[in-house]
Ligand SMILES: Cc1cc2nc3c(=O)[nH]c(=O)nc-3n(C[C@H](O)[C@H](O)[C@H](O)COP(=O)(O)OP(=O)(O)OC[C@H]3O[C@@H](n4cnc5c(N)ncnc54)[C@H](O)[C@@H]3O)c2cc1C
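A single chain comes next, written as C-alpha cells; it is the form predicted alone.
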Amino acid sequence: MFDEQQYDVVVIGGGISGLSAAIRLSGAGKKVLLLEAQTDLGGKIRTSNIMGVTVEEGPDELITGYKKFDEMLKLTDTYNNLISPETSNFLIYSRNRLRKFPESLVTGVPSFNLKDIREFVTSGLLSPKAYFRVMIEPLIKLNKLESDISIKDLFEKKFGSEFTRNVVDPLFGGIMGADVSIISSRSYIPYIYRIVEQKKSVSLYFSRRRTNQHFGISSTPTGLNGIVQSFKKYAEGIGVKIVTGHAVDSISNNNGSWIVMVGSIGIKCKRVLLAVPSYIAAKLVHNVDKGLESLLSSIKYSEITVINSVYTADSVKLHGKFSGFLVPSYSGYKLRGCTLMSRKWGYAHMEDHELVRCFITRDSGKSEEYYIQQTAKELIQMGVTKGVPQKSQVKIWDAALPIYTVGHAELIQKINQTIPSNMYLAGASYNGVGIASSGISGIEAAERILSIN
C-alpha cells in the first residue's frame, strides 16, 4: 500500500483542495503522500450515470476566472478541455410563479444601467413599491459596520425586505441550502460587505464595473469528474503518491514530526495538511488539541438532498432556453431549485427525454422514495412537469456545504491561532465555497508550507 513511510508532507483528503495542494507541493520538489478515505477522489464532486446519461450528485459547474485556480487548470491540461453551458439563463419563483431572472442580478446586486433597470422592472420579481425601495439604495447610508451581520440584515437595510425575500434568499440561501438570516455577509460575500462598510452605494459600485466581469461557468465533456481525473493523472505524473480507500485513524506529534496512523501503519512527515471537511478534521485532532477540536466542530453544514430524474420530453412543460430555476424558502415548497441538465450541458443531452436535477430541503429520517415523490409533486404544482419521472436517483447529503454563520471570520482567526505549527487546513470549510475557491485554499495552504523552507 505504501512504498515508503516517511514524507515531507502528508495531505489528508482527496478533494479538489487536497489535490491542488499536493500538486503545488510536489511541483516545488516536496515528497508528498495524499490519503483519501473513500475509494474515489473528488470529495463533493460525484459524477455518476442514470439511463446512460452523465449526472452530477454534487455540484454541476465550475466557476472560472480565478487566476490561481485557472493556472492550476492550465497546468494540469484541464483548461483547454472545459466546455461552456448551452444556456445559463434561469428562472426564479417569485410572486406565485416562475419568472425570468434578470442577468444583471447574478451578483445579487441591481445595476443602474438603463438596459438593466428595464430588464429588472419588467421581470415582475417585485411590487412597484419594492422597486422604488431598491432604486433609492444610493441614498441609504448605514452606520459603520462594527462587526459581522447576516446577508439578510445587510440586504434588508440596503434594498428592503421584499428584494431580500424574492431575490437574495433564493440566490444565496437556495444555493447554499441555508437560511440567509444566519449566513455571514462578511465571510460569504466579502466584496459586498466591504462596500457597505465603506458607506458606499452597492448598486452604483457594481454598475460601473459590470462590463469588467470575467467569470464563466464550465464543466468537462464527461462532467466535473473530468477535472478530478485530470488532476489525479497530473499529480501522479509528478510524483505524488495517492492512496485511496484507507482512512486516517489518528494523528500525533513525536519530537516535532507528525505520525499519521492508517490502520497499524504509522507514516512520518514533517508537515500535515488536513484538506477534509472541518467535522472530519475535528476528529483527527482529538488527541492533538481538544480546544482546536471544539472550534472545528462548531462550523455548521447544510443538509441537502439531490434528486436526478429522467422525464420523457413531452412531460416537461417548461419551455424556453432556461437552465433551471431557484425557489425562495418562504414559498411553501420544499424544493430550493432545479437544473434542467439536458438543456444546460451537452453531455446530458437525451433523445426524447430530459434530465432534471433538483435539490430539496432535507427532512431527517425520510426515505429516498419520499424525496422522489415530493419532488415530482412539487414540479407538477409549479407547472414544470406533468406525470412522474421514468427513473430517479437520490443522493442525501447530511453535510452538504459549510455554512459561514455570522462571526465566521472571527472563528477562523481563533482556529488559525490555535492550530499547532506544521499543521495546516484547507478546503471549503474555512474560506470560500465552490470548486475554484476550494482549489485556491489548497494552493495557498501549500504556499504557506513552502514559504517556511
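Model, not experiment: these values are computed from the prediction. Counting begins at 1, following the sequence as shown.
One more form of this protein should be noted, the form predicted in complex with this ligand, which is absent from this view; the next part is about it.
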TODO: Given this ligand in the predicted bound form, answer whether the residues 91, 111 and 119 all have a heavy atom inside 4.5 Å of it.
DONE: no
TODO: Using the partner position in the predicted bound form, report whether residue 390 sits within 4.5 Å of this ligand, counting heavy atoms only.
DONE: no
TODO: Report yes if any heavy atom of residue 435 sits within 4.5 Å of a heavy atom of this ligand in the predicted bound form; otherwise report no.
DONE: yes
Task: this ligand contact at residue 246 in the predicted bound form, heavy atom, 4.5 Å - done: yes
TODO: Considering only heavy atoms, tell me if residue 397 and this ligand come within 4.5 Å of each other in the predicted bound form.
DONE: yes
TODO: Could you tell me which stretch in 25-33, 411-419, 39-47, 380-388 has residues with non-hydrogen atoms within 4.5 Å of this ligand in the predicted bound form?
DONE: 39-47
- [ ] With this ligand left out of view, choose which of 226, 173, 160, 277 has a non-hydrogen atom within 4.5 angstroms of it in the predicted bound form.
- [x] 277
Task: in the predicted bound form: members of 374-394 within 4.5 Å of this ligand, any heavy atom - done: none
